[in-house]
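Single chain ahead, written as C-alpha cells, the form predicted alone.
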C-alpha cells in the first residue's frame, strides 16, 4: 500500500474548505456587503460611499409604508400558520391503517411544492378573477357573494395567503407523516383499551408526541412566509389597486432596490427583514419549551 502523504487533519481541512468557502462567498460576504451598503450613498454607476445613518433615518422618516408592509407580512405569516393544523388532520387521515393509495395521495399533495410558483400564481389568478374566475362562478351558482378577490384591498392579502397554505401543504404533510411514523403504536393501543375514541387518542396521544414535528413545520412556515414575494408579484401585479394595502416587506425591498434603483435603502429594508425573521424565530424557539414534548 502506498503511504498516505497527507495527515488526517489535512484531509479534514480540504473537505471542510468547500462548504465553508460556499458559506463565505454566498452568505457571509453578501451579508457584509448589504450592511456596508445600508450606510452608503450613491448608485451602481457612480459607486457607493459610506456616509453614515442617513438611509436608516430616511426609512424611519417614511415609516408608514414600512410598518404597513411589516404588518401585512406578519398577518400573512399568521394565516399561513393555519395550514399546520390542516396538514396535521390530513396527515393523520393518510396514516390510517389499511388505507389504499396512501403514496398516491401524498404525491398528489406534494405536487404544488415542486411546481413553479409563477405557474401556481397564474392559475390562482385566473381562479380569483372577478369577471370570469372559477371561484366566482361557483359562488354565483350557489347564490354566494362574488367580488374581485385580488383587486379588493379587503381580500387581496387573504386570497394570496390561501394560496400560500395550499403550496406549503405538501412539505408539511411529508414532515408530519414522518413524525407520525415515529409515534409508538403501543401507546395508541393502550389508549384504545382504556376506551379512548379516535379523536381523544389523536389529541391526547398523537399530538403531544408529534409536537417536535409541528414545531419544525411552524418554524419553516413562518420563515418562508416572511420572505413571500413571488405570489404577490404575479397574482396582484404592479397596477393592482389593492397592492398599496397588501405589500409585504420583501415586495417593498424589491420596489426600492430594483424599481426605484435605491440600493442603499433596499439594503436597509433587507436588514430589517433579517432582524424581524431572527426575532420571530427566536420567540418561537423560546416558546417551544412550554409546549414541545421530546420523548
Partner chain sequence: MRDRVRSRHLVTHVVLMAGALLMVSPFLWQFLTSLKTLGESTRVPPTVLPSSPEWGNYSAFFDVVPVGSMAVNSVLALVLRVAGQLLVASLAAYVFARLRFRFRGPLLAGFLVVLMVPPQLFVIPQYEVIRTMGWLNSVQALALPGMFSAFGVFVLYQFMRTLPPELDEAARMDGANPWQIYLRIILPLCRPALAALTILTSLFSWNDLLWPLIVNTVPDRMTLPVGLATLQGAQGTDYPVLMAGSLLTILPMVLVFVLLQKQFIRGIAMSGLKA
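Numbering follows the first chain given and starts at 1. Here, rigid core means the biggest group of C-alpha atoms that superpose within 1.5 Å across both forms. Model, not experiment: these values are computed from the prediction.
Keep in mind the form predicted in complex with its partner chain is missing from the figure; the text below concerns it.
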Any non-hydrogen atom of residue 247 within 4.5 angstroms of its partner chain in the predicted complex: no
Any non-hydrogen atom of residue 280 within 4.5 angstroms of its partner chain in the predicted complex: no
4.5 angstroms heavy atom contact with its partner chain in the predicted complex for residue 153: no
Partner proximity in the predicted complex: residue 194 to its partner chain, non-hydrogen atom cutoff 4.5 Å: no
Of 257, 69, 242, 59, the one that lies within 4.5 Å of its partner chain in the predicted complex (heavy atoms): 257
One residue of 148, 174, 180, 79 in contact with its partner chain, assessed in the predicted complex (non-hydrogen atom, 4.5 angstroms): 174
Heavy atom of each of 63, 88 and 287 within 4.5 Å of its partner chain in the predicted complex: no
In the predicted complex: members of 88-114 within 4.5 Å of its partner chain, any heavy atom: 90, 93, 94, 96, 97, 98, 99, 100, 103, 104, 105, 106, 107, 108, 109, 110, 111, 112, 113, 114
Core-aligned CA displacement of residue 20 at least 2 Å between the shown form and the other one: yes
